[in-house]
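Here's a solo chain for you in structure tokens, the form predicted on its own.
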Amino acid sequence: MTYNKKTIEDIDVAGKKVLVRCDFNVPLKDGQITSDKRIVEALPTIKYLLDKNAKVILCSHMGKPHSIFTEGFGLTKKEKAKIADLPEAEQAAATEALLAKAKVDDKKKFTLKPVADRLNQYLDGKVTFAEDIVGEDAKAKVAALEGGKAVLLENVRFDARETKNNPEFAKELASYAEVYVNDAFGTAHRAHATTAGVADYLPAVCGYLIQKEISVMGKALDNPARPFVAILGGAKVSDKIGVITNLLDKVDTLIIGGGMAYTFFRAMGYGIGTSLCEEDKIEVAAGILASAQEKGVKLLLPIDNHIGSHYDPECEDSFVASTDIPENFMGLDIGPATEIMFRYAIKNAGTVVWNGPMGVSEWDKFASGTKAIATAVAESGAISIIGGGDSAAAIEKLGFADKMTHISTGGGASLEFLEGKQLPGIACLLDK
């Protein structure tokens, strides 16, 4: 999917009220931000708008607040069971109490107030925080907003209408501004009110972060430097079928590792012990193998595996060929011979796209394969695109981030981009 969208530089923003959708879904511990990478990545767009004397209204989600699943949607299964055990006369009051408590807990756990505080450290105190979204506090602060200043609205997912892409909610938000900017690539695959809905009411363009994502990944898919090598890992074939199908028409080499490899082994008739396998995707895997051969794509699977007696970081472990996995063992990482083979395939690549770990990389014992791939990509000199998630975490942890061409900010969004799918949060923006 190729996008050629207008950016903040293609529209007049000087002195105007601009609604900006960011991705401030940062990790928190005890109310403190543990990584502000997503905040830092949003700064170029925000600074450009402030320098143009725009009145900037920032919005974002944070996590998955409980009220999203309760307000207008009913209680969770666990809560329903709890309520059902009560006398009928007490159930209505207990339900209301649970909903009220959920909202209080949401406010504490998912408020964007820490993000506003961190933004002010970077932006010299130019950001005020609104304690609601379309309530009295937000309306008053937006109305009082001066040029060159910004207001951050409270977590948009505190309103159940956000994820439903409710037109009235989108219209209320749009009424704050004259221009809409989407710079939240991580949620661009979601058709929510703040990612797509508001574009029905305002001229809509992308910020620098989305511009970079679609430019770098679009070029890699449409006109890659060759050889083009794609590396796919992770647990399930089902998560990557669309990506594999799309990439088979583009890549020279496709490397498959992680838990998904064992479904392919089953398709090839290998015994896989107790390894992860999607039984209903064995035929799909067989079809992919045949398609790769037909298209002349070199499809590489592990030739040896680091196996464990059970799913535990302290399990009994050993290394075996892919054809020799014992019945009572499971594959938890690629083996050393596979590391060499995969590294050789990556070494001379012109373009590398990587999404998904080679094993259970959160356990040090079974992280060797993922580390080997990260090192190989870093040393390859290729145009390298890392598709978020565990792959990005491995790159960051090993200190290779500055050696990568691009680390995507959106795991799900980058996967759908690689599949060739339309991303609603980008499709809604104005074309150049």
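This one's a predicted model, so the numbers in the text were calculated from it and none came from an experiment. A residue's number is simply how far along the shown sequence it sits, counting from 1.
Omitted from view is the form predicted together with a small molecule, to which the following refers.
**Student:** In the predicted bound form, does residue 302 have a heavy atom within 4.5 Å of the small molecule?
**Tutor:** Looking in the predicted bound form, residue contacts with the small molecule do not include residue 302, since no heavy atom lies within 4.5 Å.
**Student:** So in the predicted bound form, is the small molecule close enough to residue 387 to count as touching (4.5 Å, heavy atoms)?
**Tutor:** Because a heavy atom of residue 387 falls inside 4.5 Å of the small molecule in the predicted bound form, the answer is yes.
**Student:** Indicate whether the small molecule has at least one heavy atom within 4.5 Å of a heavy atom of residue 311 in the predicted bound form.
**Tutor:** It does: once the small molecule is placed as it appears in the predicted bound form, residue 311 has a heavy atom within 4.5 Å of it.
**Student:** At the 4.5 Å heavy atom threshold, is residue 185 in contact with the small molecule in the predicted bound form?
**Tutor:** No.
**Student:** Counting only heavy atoms and a 4.5 Å cutoff, which of 95 to 103, 120 to 128, 223 to 231, 258 to 266 contacts the small molecule in the predicted bound form?
**Tutor:** Flagged stretch: 258 to 266.
**Student:** Quick one: from 351, 355, 322, 163, grab the residue that has a heavy atom within 4.5 Å of the small molecule in the predicted bound form.
**Tutor:** The residue from 351, 355, 322, 163 that makes the contact is 355.
**Student:** Identify, from the list 235, 282, 179, 83, the residue with a heavy atom within 4.5 Å of the small molecule in the predicted bound form.
**Tutor:** Exactly one residue meets the criterion: 235.
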